[in-house]
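Quick heads-up: it's one chain on its own, the form predicted on its own, in structure tokens.
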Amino acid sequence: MHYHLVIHILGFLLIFMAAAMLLPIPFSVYYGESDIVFFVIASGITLIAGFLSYKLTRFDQEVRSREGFAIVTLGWVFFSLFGCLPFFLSGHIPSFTDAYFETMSGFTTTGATILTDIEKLPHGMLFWRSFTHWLGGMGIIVLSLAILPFLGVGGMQLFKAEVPGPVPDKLKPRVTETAKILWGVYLIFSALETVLLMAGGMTLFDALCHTFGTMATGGFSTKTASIGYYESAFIQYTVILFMMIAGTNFSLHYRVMKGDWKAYFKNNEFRLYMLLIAGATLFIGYDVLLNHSPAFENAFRTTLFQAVSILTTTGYGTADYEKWAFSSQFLLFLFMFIGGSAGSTGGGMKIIRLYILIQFVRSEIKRLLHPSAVIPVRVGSHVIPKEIVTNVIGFLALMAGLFIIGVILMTILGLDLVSAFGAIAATLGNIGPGLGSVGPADNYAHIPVLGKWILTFFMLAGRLEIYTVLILLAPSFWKK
């Protein structure tokens, strides 16, 4: 492990973080609030730490896989450590554990919160809270690759460690060009959603914050009632549209922008994505229409919103789905594990892995009927290499194992079984709201301190797709 290389790059990333911390200040000034000094202090501390780390080390070797995993995982740990300073220093979140939990939830786009009255926070703090979503959605490392030319060599190792999905989709031969394209598409959709939300009646501040939460599939809102606060069909349909966009592979968006209008529906993962949304809307919608909302359009919009919100792991809410039938709740619970598409900002195991698993099971059934036949696993016309199939099966097994361990730990700490299931599924899948005492109408403030640190780990593992985090826990990783 080239420690000096890891510290050098982390130092530069902290300098970038220090600059980002100053962005909420204009909103603090506009609304006449006194939290400016805390952003300046937090930015100064972060800048000093980053500058010393950067200057006292050197960048003289290629970033290998080993350094890539360390930079990405430790990067997210330190982003949350320094990113929580404005909340902690200002006293708006006086507990360091709570401040770190909230910030990790932001950067990992989980959206789980310990806040009971969100509107009490100053506008600058609310902006920073939502902005952590937007930075973490496409990935801070990917953004750094787009703006740091000296990371071009070895940058693919960082790209692979942070971008979700079994196989990173390179749009250009140089990974820096791919990073620029992904962030460019991200910016275009973010700007478009902001304009539409303002047209629907939101202020610029609320439109920006909710855009950050939507495009990052994060779910932090400036309102305790989330999107349900806005009783506007236009706003809710706009958020639905952009949640679906954010849960789609951004490479497909780029291809469509380049003129390949059929790129979406030629893609097997996207078709399964649309099928899951449509199926859940029909299945849950029948229950909602029959038992909760006799108005057809309202029932349709509410059901579609929650199905898209949970599947894309955004976590915004317009209804308390725990009041729905157990069958509807169970379907949403399954959606917490599936998540969005590979190459999207969504969490979960990713739809492409579900598709590969389905194709693998089909091939195994065929092989039982025709033992001598060669039956490869295919995604469309592409044959999936055995190592990727093995990786997918291993990932799902690891995810299931972590889920079981997490549920056991949370029940030991005093949570009931439903709440433990909900808390682990919601943090490992980066959703935010879960079931039971951490459901859509509740929060995580009551979780014991140790439980919050456990859930923080699950948020990080979920965002970085488990392997990237767990590999650092192997003693052999740090040996020569």
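Nothing here was measured: the structure is a model prediction, and the numbers come from that model. Don't overthink the numbering: it's just position in the shown sequence, from 1.
Form predicted together with a further copy of the same chain: not shown, discussed below.
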- Query: Taking 4.5 angstroms as the cut-off for heavy atoms, does Y467 touch a further copy of the same chain in the model of the complex?
  - Reply: yes
- Query: Just to confirm, E364 within 4.5 Å of a further copy of the same chain in the model of the complex by heavy atoms?
  - Reply: yes
- According to a 4.5 angstroms non-hydrogen atom cut-off, is L192 in contact with a further copy of the same chain in the model of the complex? no
- Query: Looking in the model of the complex, any heavy atom of I15 within 4.5 Å of a further copy of the same chain?
  - Reply: no
- Task: Tell me, out of F39, F421, F27, Y54, which residue has a non-hydrogen atom within 4.5 angstroms of a further copy of the same chain in the model of the complex.
- Result: F421
- Residue within 4.5 Å of a further copy of the same chain in the model of the complex by heavy atom, from A295, L275, A397, A199, is A397
- Just one of 368-376, 102-110, 86-94, 258-266 has heavy atoms within 4.5 Å of a further copy of the same chain in the model of the complex; which? 368-376
- In sequence order, which positions of 304-335 have a non-hydrogen atom within 4.5 Å of a further copy of the same chain in the model of the complex? F326, S327, Q329, F330, L331, F333, L334
